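Provided below as structure tokens are two forms of one protein chain, presented individually as structure 1 and structure 2.
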Structure 1
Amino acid sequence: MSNLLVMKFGGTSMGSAERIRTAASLCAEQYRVRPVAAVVSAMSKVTDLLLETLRHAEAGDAAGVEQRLELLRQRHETTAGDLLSGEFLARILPKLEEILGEFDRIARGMLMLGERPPRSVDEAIAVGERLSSELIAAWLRSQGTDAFAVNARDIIVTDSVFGNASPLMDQTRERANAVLKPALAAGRMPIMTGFNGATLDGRATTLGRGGSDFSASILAAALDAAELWIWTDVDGIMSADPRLVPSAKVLTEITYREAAELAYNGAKVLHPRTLAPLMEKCIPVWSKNSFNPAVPGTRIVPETGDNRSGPCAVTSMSNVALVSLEPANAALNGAKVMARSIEAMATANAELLALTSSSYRQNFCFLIRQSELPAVVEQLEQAFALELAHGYLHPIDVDLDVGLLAIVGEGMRGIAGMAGRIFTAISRETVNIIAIAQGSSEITIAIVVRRAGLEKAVRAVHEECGLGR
């Protein structure tokens, strides 16, 4: 659809009746001039609350489960009451009750079994988005906009990696066209749940935490949208996380590649996989602030016209682990150890954030998310059971006291001395550099430092590169 606008609203942009009204008016304003499809997150903190409830269920804490179910019900019923009245309220309450009831049933099932199967977790936590999409759609209808809530289960077809599923784009395109195109053509506004999907045979999945950005880009690509606007709680993509670096500034325009590198290296403002579905069709993305809609935000485009020099942003990631492997015996081929380790990581479904190696000792280390560590260690121990038992491989070393810092920018390519300046700035803060990795794209330098020095190092690099206001 050549003029379709897809708009995504994050948790804080859906966080209260007042925020939902603002989000709805942003949708309605655009809908006056072109077709609009919205994708929404759960109300802020709701996904955390859902996950917490399930953990209490697994642990057999019935009172903890009850208490959280009540909080969940109250939050949504109060919001409905603040937003709606009369017939609109009377119609939405049973719908919310039905969705909450589904969560209730799954949570109580886990309580009985003392288990939390990933597949049921995905089905359960998708209710956050189902509730918020019903609320905003009802409010829009009460204001005269023909909006309707859509469960992404019926649109986004994924593989069966529960908790971190990937879309099957051809099947998703088919469904989006069959279900949403006729409604859009009839002038209706779909409000799709972010975060969730389903396998071809209908099993519920989710796309990973923060995945609603990804849902929106999948939908934009599937419907050939003209643009995607991602509404969040900061003025756009900034030169650093403003919570860490108060002088960080908003970037007016960045490339897909830069945005993807920033997201993969920890800039929470975008889910790492958001850009991938849009690249092929060159669909432009805007990152905008629903608390300050008058400012334009950041435009993400295939290429920027200007020839910028130097980096544009610094990111960091703290919940990471550095895993090191080293052959103890020359009989063991380092390259083979590396190949088998990477295969083990793939089996564990973990993502390799950085990798460095030394040719002489044949040792190497790689950085992963702490949440993926147990699965990775298990796979590595299985893959190298014999070598570890016979001492051909030193015991696997895990260092949790580390953080990742990344400096990103198309303008870094070929700038002599940039790396030197960055390392000097970090050392001046007496922060230890543990490992360095630079991808072949040359637009990112990733540096692993001691955890305690991470924030200091981010501020020092931001300052050294003159990225602030």
Structure 2
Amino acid sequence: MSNLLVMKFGGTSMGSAERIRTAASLCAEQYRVRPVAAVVSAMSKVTDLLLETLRHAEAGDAAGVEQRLELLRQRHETTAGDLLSGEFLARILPKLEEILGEFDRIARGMLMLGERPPRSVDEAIAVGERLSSELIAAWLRSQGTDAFAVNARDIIVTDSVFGNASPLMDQTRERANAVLKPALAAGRMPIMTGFNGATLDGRATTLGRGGSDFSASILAAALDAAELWIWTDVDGIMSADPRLVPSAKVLTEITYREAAELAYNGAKVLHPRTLAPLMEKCIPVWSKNSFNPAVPGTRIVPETGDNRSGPCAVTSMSNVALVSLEPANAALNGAKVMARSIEAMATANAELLALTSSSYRQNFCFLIRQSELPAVVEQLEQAFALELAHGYLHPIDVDLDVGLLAIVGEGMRGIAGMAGRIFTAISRETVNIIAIAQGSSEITIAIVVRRAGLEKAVRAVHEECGLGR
């Protein structure tokens, strides 16, 4: 379908009746001139409330479950009452109650079992998106737009990795073409849930970090959309975190590769998995602010039209851990230790943020998120149980007092002295560099520093590279 626009709204953009009206108005405005499909997140904080309810269920806290179920019901029924009236309100309330009843059933089942099966968790936490999709679709209908809610589990087909599923694009494309294209051709607007899908045999799944954005990119690729607009609560992708660097500016345009590197290294940009389906189809993406829609935002494209030199942005992460391994015996092959360590990280489903090694001592270190540390250490201890027990490998060393600084830009390729300028700027702030990693693509320089010096290093590099307003 030519000129199809897919629009995605995050939790803050769906956080209240007022925000839902704004999101709906943005959809309706574009719907007047071209076909539109939307993807929505749960209302802000609702997913946290759902997960908290399930934790209380697992712990056997019936009163805690009941209290949170009531909070969930009150928030959505109040929002419905603020949005709608008359027959539209009368029609939506039973639908909301039906969805809430499904969550109630799952939560009480976990309360009886005293555990949270991953498959049931995936089914339960998609309830937030289902509720918000029904609300915005009902509001659009009340304003004369033929919108309808779509549960993504009926469209997005995934593998069976519960909690972090990946799409099966061929099967997803078939379902999207069968279910959504006829509706779009008839002038209807589908409002699909973000974050969730289902296996071929119908078992509910979720898509992990950045799941709602990922849902939108999957839908855009499956329907061969002309554009994808991601609506958030910021004016676009910035040259640095404005809380750390007041002079940070909104980037007009960046490449898929730059956006992926920024996201991977902590920036609130589209997750790298989100970009993958779009890159194959060369579908441009706009990052826009639903609180300030007049601002153009940032465009993400395969290649930029300018000839930038140097980096485009600097980002950072503080909740990281530096894990170091070192053979204690020369007979232990360092390359094999590294290979087995990376395999252990993959088993723990952890993302490797940076990796450095030394040639003589065969020691190496890698950076991961602190949230992934327990699973990684567990897998490493299992993988090297024999070597650790007999002293062939020094005890695994974990340093939590570190932060990651990443400088990103296609324009850094082949620029002599760029790394030296960056290191000098950091050293002027008396910040010690612990580890450095740079790939042969030269798009990113990743630097590990002490956490206390991280913010100073970000500001120093941002200023040195002239990235501010």
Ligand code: ADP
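Basically, rigid core = biggest C-alpha set you can superpose within 1.5 Å across the two forms. Counting starts at 1 with the first residue of structure 1 and goes up one by one along its sequence. The structure displayed is predicted, hence computed values, not measured ones.
Trainee: Return 1 or 2 according to which structure is the form predicted together with the named molecule.
Mentor: That would be structure 1, which is the form predicted together with the named molecule.
Trainee: Superposing on the rigid core, I want to see if A107 changes position between structures 1 and 2 - specifically a Cα shift of 2 Å or more.
Mentor: It does, since the A107 C-alpha is displaced 2 Å or more between structures 1 and 2 after the core fit.
Trainee: Comparing between structures 1 and 2 on the rigid core: C-alpha of R34 shifted by 2 Å or more?
Mentor: Shift of 2 Å or more: no.
Trainee: Determine, after fitting the two forms on their core, whether A406 shows a C-alpha shift of 2 Å or more between structures 1 and 2.
Mentor: No, the C-alpha position differs by under 2 Å between structures 1 and 2.
Trainee: Could you state, for a rigid core superposition, the Cα shift of A62 between structures 1 and 2 in Å?
Mentor: The shift comes out to 3.3 Å.
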